[in-house]
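Okay, so here's just one chain, in structure tokens, the form predicted on its own.
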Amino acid sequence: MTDTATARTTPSPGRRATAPSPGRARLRRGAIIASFLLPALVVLGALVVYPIVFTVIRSFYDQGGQNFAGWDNYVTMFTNDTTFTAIRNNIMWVIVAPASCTILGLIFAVLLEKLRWKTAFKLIIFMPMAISMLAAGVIFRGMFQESPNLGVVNAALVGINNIFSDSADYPGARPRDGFGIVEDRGVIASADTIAPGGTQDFPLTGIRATSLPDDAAQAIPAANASDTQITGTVFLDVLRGGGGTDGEIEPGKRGLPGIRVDAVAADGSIHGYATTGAGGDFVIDGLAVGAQYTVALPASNFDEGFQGVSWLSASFINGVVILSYIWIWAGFAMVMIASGLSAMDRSLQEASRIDGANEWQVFTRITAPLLSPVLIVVFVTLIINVLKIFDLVYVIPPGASKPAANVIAVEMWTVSFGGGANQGLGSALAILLLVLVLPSMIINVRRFREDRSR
């Protein structure tokens, strides 16, 4: 039986073993390739191709998806003010954010070459990439709160302003009742007119002793006034621990320095003014003999003063959101550019230095041109990213500023799921976003192919 099987498998003399045909070999090779590609193609079709085709078709139907609307959704999209705002903001994002991140990343990558503690520096710059967009948005919204008691940025600005500003602000101050002083719309003034040679004190309350300026000293009684002067003292009529006599200047009661005091004539014009000293005393000089004046403390003495900038308002909100994006993605650009810098041929830089080039010339004529492929990839990648920006724009702006910070992705979500319930218009916006992103994606793919072919 073994001999019979051997005879069947051994070709007879004069006959050659037949090889499979080329067509069958190609078919077998194609089947093997398809078996490997099919799972990926199924996933790609289900997650990419089908949603794109469905969105294109859906964009030609009305809000409920029942009636064919033609190009109505696209017409509505380009005649809607909110869409124009979103497109304008996206253009601003594309111009500012990718360029800023790429430039900062290049600067940071070059600085890494000069620093001894480069690992710590790289960790600090790259750390925001480990934070989610949502968390970064919450951080920046808190940092730029308008109240200096909540927002660290305005707290720093108010602190700097207080260092260089000579004005004194005593918010909440009010006059002590029963001492001939009235308050009207923030202005504290004498109830009766005062002639030159007289004195008008202002015992005030409503101010915390701990909130007084550092130069506030013991209140000083007013000096005797001449025929052309009105004098007085502005002081905090409060003693720590209580006690004392109301309206009297006593040990422990501190003057209020830096307050402006005006001598106001009957017609409302100001004929003289003075600023209180460390002890709260003032002297208004140069007044007409025999005239009558109302001694007033302007309301500007008692307002809140400089309280920072309204960063989250419509005027500044785009800058804040873009700044948060740069804070996050500059680390990504730094790492990418640093990797390209590490693979660079350093002999060209050394040769240029030997030839007498300074560091700026080495950077602009050697380093930057050699890094141009990496810079282009980083720049185009960031363009694709900012065109799809959503999280930061949705989280950081408060309700009143959201329209001013609107972008296409947020507008698409709003009209589709955020209350608009218009899937047709949302699909049209999604197609617009796809059309805007495609050129950058094609550029990146071509760049990758060029780099691979080298």
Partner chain sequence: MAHRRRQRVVFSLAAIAATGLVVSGCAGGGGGGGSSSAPSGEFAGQTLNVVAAWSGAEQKNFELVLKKFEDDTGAKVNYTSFGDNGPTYIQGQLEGGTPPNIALTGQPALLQSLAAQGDLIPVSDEVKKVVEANYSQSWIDLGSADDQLYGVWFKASNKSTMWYNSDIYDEAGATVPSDWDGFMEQLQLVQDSGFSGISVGADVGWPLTDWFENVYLRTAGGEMYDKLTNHEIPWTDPSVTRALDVMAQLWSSDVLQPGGAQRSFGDAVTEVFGADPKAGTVYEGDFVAGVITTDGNSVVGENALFYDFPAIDGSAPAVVGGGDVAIAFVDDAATMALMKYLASPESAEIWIPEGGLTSPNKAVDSSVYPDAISRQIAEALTSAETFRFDMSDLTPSAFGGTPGQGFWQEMISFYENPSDVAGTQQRLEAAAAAAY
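Basically, rigid core = biggest C-alpha set you can superpose within 1.5 Å across the two forms. What you see is a predicted model, and the numbers here were worked out from it, not measured in a lab. Numbering follows the first chain given and starts at 1.
The same protein also has a form predicted in complex with its partner chain, omitted here; what follows describes it.
Every residue of the trio Ile207, Val238 and Thr414 has some heavy atom no more than 4.5 Å from its partner chain in the predicted bound form. Within this chain, Gly268 is remote from the site of its partner chain in the predicted bound form, having no heavy atom within 4.5 Å. Ala400 belongs to the set of residues with a heavy atom inside 4.5 Å of its partner chain in the predicted bound form. Remark: Asn149 counts among the residues lining its partner chain in the predicted bound form, judged by a heavy atom distance of 4.5 Å or less. Arg174 belongs to the set of residues with a heavy atom inside 4.5 Å of its partner chain in the predicted bound form.
Annotated contact segment (heavy atom within 4.5 Å of its partner chain in the predicted bound form): 311 to 319, selected among 311 to 319, 91 to 99, 282 to 290, 212 to 220. Within 4.5 angstroms of its partner chain in the predicted bound form, the stretch 130 to 144 places a non-hydrogen atom from Arg141 alone. Annotation: Cα of Pro175 displaced by at least 2 Å between the shown form and the other one, core superposition. When two forms of a protein are overlaid on their rigid core, residues whose CA moves 2 Å or more are considered shifted, and Thr205 is one of them between the shown form and the other one.
A displacement of less than 2 angstroms separates the C-alpha positions of Lys118 between the shown form and the other one, with the rigid core held in common. Annotation for the pair Thr210/Met143: C-alpha atoms recede from each other in the predicted bound form, by 3 Å or more compared with this form.
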